[in-house]
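Before any questions on binding or motion, here is one chain by itself as structure tokens, the form predicted on its own.
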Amino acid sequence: MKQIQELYPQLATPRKVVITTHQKPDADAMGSSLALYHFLSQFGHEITVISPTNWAGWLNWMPGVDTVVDYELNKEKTAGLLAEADWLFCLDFNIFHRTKNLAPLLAAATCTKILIDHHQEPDSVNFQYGISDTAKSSTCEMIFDFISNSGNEDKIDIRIADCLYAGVMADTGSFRFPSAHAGVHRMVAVLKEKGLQHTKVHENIYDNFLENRLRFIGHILMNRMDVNYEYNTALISISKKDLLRYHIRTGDTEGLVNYPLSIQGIKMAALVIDRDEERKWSFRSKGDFDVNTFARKHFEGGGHYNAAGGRSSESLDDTVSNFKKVIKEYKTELQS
């Protein structure tokens, strides 16, 4: 994989470009994709953003989201776009299977593939250019660097600023996580100088839900959260029945895994949701407990040191039982 800097001189030559990200894109995935879309558009490139799946309704305020192609609803169109593309930017994921059913098309595409991502253990051999930096707070921070380091910071407009801020704010937990290093705050200062209204972006991300979500969260915290102080761990398990009862939509469970970490002494939080085709896991931790390694070893997942995801093809009850079994192996680490 060649250095991303080698692309800078090529930006001025118009090309057919596809930008994609992981399934069920969050604020960082959609924000980085749309920010890059608005940036590259200024060079005359013909650009399409493709999402592998649908996305949360609370992302629909983002400038340009109305142009995003949902692969699951437009499979033939997606195949045609990839067949004609000169460049394929892959953002906020580092291995094709994180794009779900879109993965085979990405792997088969013959265009130049470019990786911009901050997760551990990238599949570098499948990309011609790219950068993978786990020290970065978010992919949105990396897109900001891509723009700035290529000498084009003057092209950051309010559309790009809104998208970048949304992603970096979400991925740093509103700047409370350790990943919110000094460079992140310098980036936000630049965005503010470009006209960013940060309060509006915050409200669009965090104050943009329906009443049923709040009642759902109350139900889950009261009835579906198991706190185990022996292992300083909290587990939330959500059944399909829970999702249907409260009419839960894509994005409504975002951030739920973080709630148990507010409990004094809890070092690890785990969330499992019963989806149609599999059980989806989310893991969060404080301090020196590595949930990336934990997820990779036990739940076919991975991510960051303190934030990771996983999956299981077992039933909800069985995967919960498996979690309670394997967590015993980490008693010493979780008690330290």
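Owing to the predicted nature of the structure, the values given are computational and were not obtained by experimental measurement. Numbering starts at 1 and runs along the sequence shown.
The form predicted in complex with a small molecule exists for this protein as well; it is not shown, and the discussion that follows is about that form.
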item	value
In the model of the complex, segment of 48 to 56, 34 to 42, 61 to 69, 281 to 289 with a heavy atom within 4.5 Å of the small molecule	281 to 289
Heavy atom within 4.5 Å of the small molecule in the model of the complex - the one residue of Lys194, Lys113, Lys136, His119 that qualifies	His119
The small molecule contact at His304 in the model of the complex, heavy atom, 4.5 Å	yes
4.5 angstroms heavy atom contact with the small molecule in the model of the complex for Ala308	yes
